[in-house]
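In the block that follows, a single chain appears as C-alpha cells, in the form predicted alone.
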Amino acid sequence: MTVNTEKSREAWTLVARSDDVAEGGRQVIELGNDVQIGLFRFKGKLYAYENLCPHQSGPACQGRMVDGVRERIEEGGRSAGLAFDKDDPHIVCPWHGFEYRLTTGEHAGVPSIRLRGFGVREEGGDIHVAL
C-alpha cells in the first residue's frame, strides 16, 4: 500500500488500477470538468499532479522525464562539475521547458512555483486520488 498524504483531502476518487502505473511510469487521466492529472510511480511511491503547468498552462505531466542535474562539490568547496542525479527525476513541460521535481512538484530553479499536487492512496490494487 502506498499513501502519499502530503496534500490529502477528504474526497478520494478511484482513478486507476495499480497495474496501470508501472515503476518509473506514468498515466495521464481525464477526470472530467476539464481536469486531468498525471499519476507517476517512482521508487514504489505514487505522485499525482494536475496536468497544468503554472507557467502558461501547458500539459506539464505529458512532458519528457529527465534526471535532475546537481553540482558536485569537492572538499574545500570547489566545484567538480555537474552530474546527473537519478534520484531526482524531473518532468519537463513540453511547451516551454519548465522543469519540475517529480517527488515534490517544485520548479527546479524557483521552488515557489510548483505543480498542483494531490494526495494518493493505493489499496487492494486500486489507486485513489484526493480531490
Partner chain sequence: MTTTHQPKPLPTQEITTRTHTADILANARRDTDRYGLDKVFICDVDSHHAELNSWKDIISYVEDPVLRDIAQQMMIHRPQAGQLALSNYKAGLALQDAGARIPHQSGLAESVPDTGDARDVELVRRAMDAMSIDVQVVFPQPMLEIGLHPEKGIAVQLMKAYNRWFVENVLPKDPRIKTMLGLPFEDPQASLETIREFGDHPDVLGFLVTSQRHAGVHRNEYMPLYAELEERGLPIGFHAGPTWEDSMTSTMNRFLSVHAMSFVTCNMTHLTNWIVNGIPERFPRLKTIWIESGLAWLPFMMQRLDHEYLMRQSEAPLLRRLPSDYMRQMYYTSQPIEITDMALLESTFNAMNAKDTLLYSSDWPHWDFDVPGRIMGIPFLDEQAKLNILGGNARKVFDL
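Numbering follows the first chain given and starts at 1. Note that the coordinates shown come from a computational prediction; the quantities given were computed from them, not determined experimentally.
Below, we turn to the form predicted together with the partner chain, even though it does not appear here.
A single residue from the set R64, K86, R78, K43 has any heavy atom within 4.5 angstroms of the partner chain in the predicted complex; that residue is R64. Not displayed here, the partner chain is kept clear of T103 by more than 4.5 Å at the level of heavy atoms in the predicted complex. Residue contact with the partner chain in the predicted complex: I73 places no heavy atom within 4.5 Å of it. A residue is said to contact a partner when one of its heavy atoms sits within 4.5 Å of a partner heavy atom; C93 meets this definition for the partner chain in the predicted complex. Mapping the unseen interface onto this chain, T13 counts among the residues with a heavy atom inside 4.5 Å of the partner chain in the predicted complex.
Shown without its partner, the chain has I29, E30, L31, N33, D34, Q36 in segment 29-44 as residues with a non-hydrogen atom within 4.5 angstroms of the partner chain in the predicted complex.
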